[in-house]
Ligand SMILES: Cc1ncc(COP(=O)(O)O)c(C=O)c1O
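The chain that follows stands alone, in the form predicted on its own, written as C-alpha cells.
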C-alpha cells in the first residue's frame, strides 16, 4: 500500500482523535505520517493497510526483546488471572524491585511510576525536597519527557546554536502552554563542557537542587559523553550538595544490565529507567540512594509520590519477565555482537557506493547520518549532514518495508536472517538515492 492509505486512516482518526494520533511524536520524522499498526511479532509489524515492516523504531526504543515475546505475553496472561491490575502491590512487585536494586548501580531503593515523564517529574521533586532548593540544571538538547520544567531545549532542533560554550543557553522552544516563569527555575548549559558547569554552579551556589542529563543521548542520534565528564559532574554535585540525576529511560539496558551508568562507571544519586525494562509495557522507575529516596516517607514534610496505576501489575509482570531474560549469561554478548556486525555492514554498503555516511552506534541504539564521513560528536556537527538526502533515503527505506522513525533500535529478535534482509533493502535504497 502507498502513503495515501495511511493518510486516509489519519483523516478518519482526526474526526475523533486530535491530529489523528495519540501522541504528537507519532508523526514519522521523514514522511510526516503516523503509523497505524494491527499486529507485531519479533522484529516485524504489519500496518493497518496490510504491509509488513522490519522495525527499527521498536516503539521509541522500548522493545529490546522483540514484539510479542512469549515470556512477556505469558506473564501478562498471569496478571489477568489475578483479577486486579493496579491499586495493590504483591510479591511480584517486591521481586521486581529487588531485581532492579541488584542490577542498577544507583538503585538502593526504588519507586514505581508509569512513564519516563512521571519519573523525571518525581526525580526533580525529590531533588528539590531533599535540598530545599528550587533550581535545576539541565543540558541543552537533552530530552526528559513531556513535562513543563524540561520542555524547552529538549532536542537538538531546539538548542541555542549561538552558544559558543562560554555561557548559559537561551530558552528555545518552550512550547505553548508552558509558563515563562518556569525559566527562572531551570538553567540550561551545553553538554560535556567542564568550564560552564563549574561557572554556573559557582554563580548559583546554594540555589541548585539537581543536575539532570541523559547519560547516553540516543534521542538525537547516539551522542556520547565521557567518564571524566560524568565524574567531574558528580564531584561538583557533591561539593555543592546537589542531587545528580541520570535520565536512563532510553539508555537503560541498551548497553548492559547495569545501564549507561554501568557502562561509564559513574553512579548518580538518582536515575530514571523504563522502556526496555518492561519491553514496552507501561512502567517507569525512579531509583536512587536511600538518603534521597527516604524523603518520600518523611513524617513531617514528605515528597509526595503516588498514583493509582503506579506499579501496575502488567508493567511489573513484564519487568520481571524482561529482567529474567536480560540477566541470562551471555545475553548481551551475543545480542550486541550481532548488532555491532550489522552496523559495520551498513557502513560498508555506503562506502562501497561512495556515499558519505556516518553510522553512529552504542549497544542496541544507532543512527545513520548522510552527506558526511566525519564523526558526528557534537550537536553542531549536525550542520554537516545533508538533510534532504537523509530524508529521501529513509523514505525509500520505509517504502521498501524498513521502518525508521526516531531512536533507531535493534532488538534481540533481530536475528541474522532479519538483519541480512534489512541490509539488502538498505543496499537497494542506497542504489536508488541520487547524490
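Numbering follows the first chain given and starts at 1. What you are looking at is a predicted structure, and each value in this text was computed from that prediction instead of being measured.
This next part talks about the form predicted together with the named molecule, which is not shown.
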Any chance 116, 145 and 247 all have a heavy atom within 4.5 Å of the named molecule in the predicted complex?
yes
Find the only residue in 219, 278, 153, 233 having a heavy atom within 4.5 Å of the named molecule in the predicted complex.
219
Among 322, 261, 313, 214, which has any heavy atom within 4.5 Å of the named molecule in the predicted complex?
214
Just one of 353-361, 70-78, 116-124, 160-168 has heavy atoms within 4.5 Å of the named molecule in the predicted complex; which?
116-124
